[in-house]
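Given as structure tokens, the chain that follows is alone and in the form predicted alone.
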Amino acid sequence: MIDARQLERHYDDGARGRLAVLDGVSLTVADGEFVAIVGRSGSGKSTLLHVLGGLDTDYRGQVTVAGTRLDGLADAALARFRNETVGFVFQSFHLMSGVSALENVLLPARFAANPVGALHARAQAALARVGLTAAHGARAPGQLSGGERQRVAIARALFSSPRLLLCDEPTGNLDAATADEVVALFKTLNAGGLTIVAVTHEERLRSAASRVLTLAGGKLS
């Protein structure tokens, strides 16, 4: 699923000079794996996730995801890859407050040519997959609990039937009981064959993964 080789990513850090957050990082992830990446704040975990998902292109090295070589890919092709192959889940949900939960799930299809009815049915199915009902879908994000909002965000990530789910601290804004529910959902999705890579500080998510890697000093081990 993922074959990343010798990734290098640097930032200018003022008085500290040029900081290498990724310093020759290589990573392989097989189809169906659930991999957790841990490390201190600022260690580069989110940067690595963004490189793997095609959100960050300012790096050196080679990245192949689901058979697509990302480095050097044109903008349009990279956007198509992000929309069709990878789903993203973030700590802060990133839902649009002015539309319903169902409309948030539909956002990846904004430019799709499918009939509206088919798209809505697909969005409803994605909500059902994460344990939410049509009633939840009709509500605005502000009318939902934190756990429900994260489930909406996960449904949106699943809408295009991605082969890979990338999660950036997905339980960081949730209470313990709700975080347990979301982790259980990830385990169910993974058991169904979805490949998951998550960066986290949380032991519950780390314990759910089939493999745990540590990013420190720009190195992955």
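These numbers were taken from a predicted model, which means no experiment stands behind them. The first residue of the shown sequence is 1; numbering continues from there.
Omitted here: the form predicted in complex with a small molecule. The next part is about that form.
Asker: If you check T178, Q62, N173, S46 against the small molecule in the model of the complex, which one has a heavy atom within 4.5 Å?
Answerer: Of T178, Q62, N173, S46, the residue with a heavy atom within 4.5 Å of the small molecule in the model of the complex is S46.
Asker: Do G42 and the small molecule share at least one heavy atom pair within 4.5 Å in the model of the complex?
Answerer: Yes, G42 sits close enough to the small molecule in the model of the complex that at least one of its heavy atoms falls within 4.5 Å.
Asker: Flag V21 as yes or no: does it have a non-hydrogen atom within 4.5 angstroms of any non-hydrogen atom of the small molecule in the model of the complex?
Answerer: Yes, V21 is a contact residue.
Asker: Would E33 show up as a contact with the small molecule in the model of the complex if we use heavy atoms at 4.5 Å?
Answerer: Although the small molecule is absent here, E33 would stay clear of it in the model of the complex, with no heavy atoms inside 4.5 Å.
Asker: Answer for H201 alone: is it within 4.5 Å of the small molecule in the model of the complex, judged on heavy atom distances?
Answerer: Answer yes; at least one heavy atom of H201 falls within 4.5 Å of the small molecule in the model of the complex.
Asker: Counting only heavy atoms and a 4.5 Å cutoff, which of 33-41, 178-186, 62-70, 148-156 contacts the small molecule in the model of the complex?
Answerer: This holds for exactly one stretch, 33-41.
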